[in-house]
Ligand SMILES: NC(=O)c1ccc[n+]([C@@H]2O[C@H](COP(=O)([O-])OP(=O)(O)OC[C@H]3O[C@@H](n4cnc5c(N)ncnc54)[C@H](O)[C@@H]3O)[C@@H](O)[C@H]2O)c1
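The form predicted alone is given below as one chain in structure tokens.
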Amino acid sequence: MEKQHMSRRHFLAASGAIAGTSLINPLDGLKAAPVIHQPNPLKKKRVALIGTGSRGVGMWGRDLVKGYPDYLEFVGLCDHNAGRLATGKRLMGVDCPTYTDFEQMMREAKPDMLIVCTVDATHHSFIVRAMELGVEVITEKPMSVDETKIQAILDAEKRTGKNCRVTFNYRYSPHRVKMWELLREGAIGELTSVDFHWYLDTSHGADYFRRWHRLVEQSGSLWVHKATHHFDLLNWWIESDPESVYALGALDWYGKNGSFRSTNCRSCPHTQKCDFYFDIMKNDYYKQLYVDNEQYDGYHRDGCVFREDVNIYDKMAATIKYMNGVQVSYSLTAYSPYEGYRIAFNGTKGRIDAWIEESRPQNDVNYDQIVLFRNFSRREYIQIPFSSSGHGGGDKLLQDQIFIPGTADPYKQCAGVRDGALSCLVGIAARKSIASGQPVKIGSLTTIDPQVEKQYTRIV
């Protein structure tokens, strides 16, 4: 497995060399930062997983079993759906006890680490309880969905001295790392503003409206479930804490806006005329995990995107002010013809532009492109090769850093409770701003005191 560790370092060095820049000093700016301790390299980590849906069984299940057998072993799986739990165990290829009772699993399996992949609104309860039991916690984003639950996690961290790592894999994709490097080296002078616009297409975007994510009480809305990725990137790129948010939002396309509807696609009489018809039976993985286990909880993975109970927004826009004075214009559209984003960083000496198409790219290329404009100079094109790892090449690099002891953090990508909270709080503030029609101060939501200079989580 040492060879795997070295290949990761070589990849990071290569991705920096592609654009002709050097690595940043990993110790720079880490004063008084929260600490996440690395495991004992001589001992396999005992891992328990709660939430055996697609993400849990895939990225945090069988991918770990396949990629890190020398570093971890699964000692327990937990889910409220007994059928999906058994299916997940089989698909992961593990031989460990399964539980529908969380407390029983923690008591009997005695894990060193808990991975949380449940419905977003329940994350806080498992995070807090694991901290109380002295167990290391890894949670899928978003860390939580409202300020009360975030405060419960903050209080537990302070009370127990434990931390929770939030899996912001977007931080690890090489082209986003390159933007971070360019900003750190002052390529465009002092950063003053950011234009960030994200587009979900009529496949991936619509999928959020089929599932439990369509309910704000379960997902916190796309402001939190999806945009927490984007707000964390902004916090990381800008290196400051968000101060206030003013937002607008509406549900214009999905939910009650449909001219016809059903419970789910398989039972729908309108399949011939619905552009959003989804034949889940063609996806054997989803069929095994979800369709074959509907009898246990009634959950439909192929729910109708036009169900009347949809209460999240499908178009959103926000103005975010940062403590260091940087201003951000952000938007999210959930019914675009293509998937991806456009971003521009404006500085006192230039501008960084990128248009990333994650679906339906115009040209047959194998790289993402960043354009660097320097005032009174010619533009520069920086091309970052695609990676085979998911989420723009970030998944494997994130997992390496979590599970391979001694893996460095030169780009300050390790994210803890404070990072997870601030990314969620931007979305929560946006929801509150839409409801009140007024800007919302981040500092008014929890005991977190926003700082001009971002505090980083260290790996020790």
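Treat the numbers as computed from the prediction; the structure is a model and nothing was measured. Residue positions are given as counts along the sequence shown, with the first one as 1.
Keep in mind that the form predicted together with the named molecule is missing from the display, and what follows is about it.
The named molecule is not drawn, but in the predicted complex it has a heavy atom within 4.5 Å of residue 54.
Contact annotation for residue 212: at least one heavy atom lies within 4.5 Å of the named molecule in the predicted complex. None of the heavy atoms of residue 230 is located within 4.5 Å of the named molecule in the predicted complex. In the predicted complex, the named molecule stays beyond 4.5 Å of every heavy atom belonging to residue 64. Contact with the named molecule in the predicted complex, judged as any non-hydrogen atom within 4.5 angstroms, is confined among 54-62, 399-407, 430-438, 412-420 to 54-62. For the candidate set 124, 178, 225, 165, a heavy atom within 4.5 Å of the named molecule in the predicted complex is found for exactly one residue, namely 225. For the options 171, 149, 89, 141, the residue carrying a heavy atom within 4.5 angstroms of the named molecule in the predicted complex is 141.
Along 77-108, residues 79, 80, 81, 84 each place a heavy atom within 4.5 Å of the named molecule in the predicted complex.
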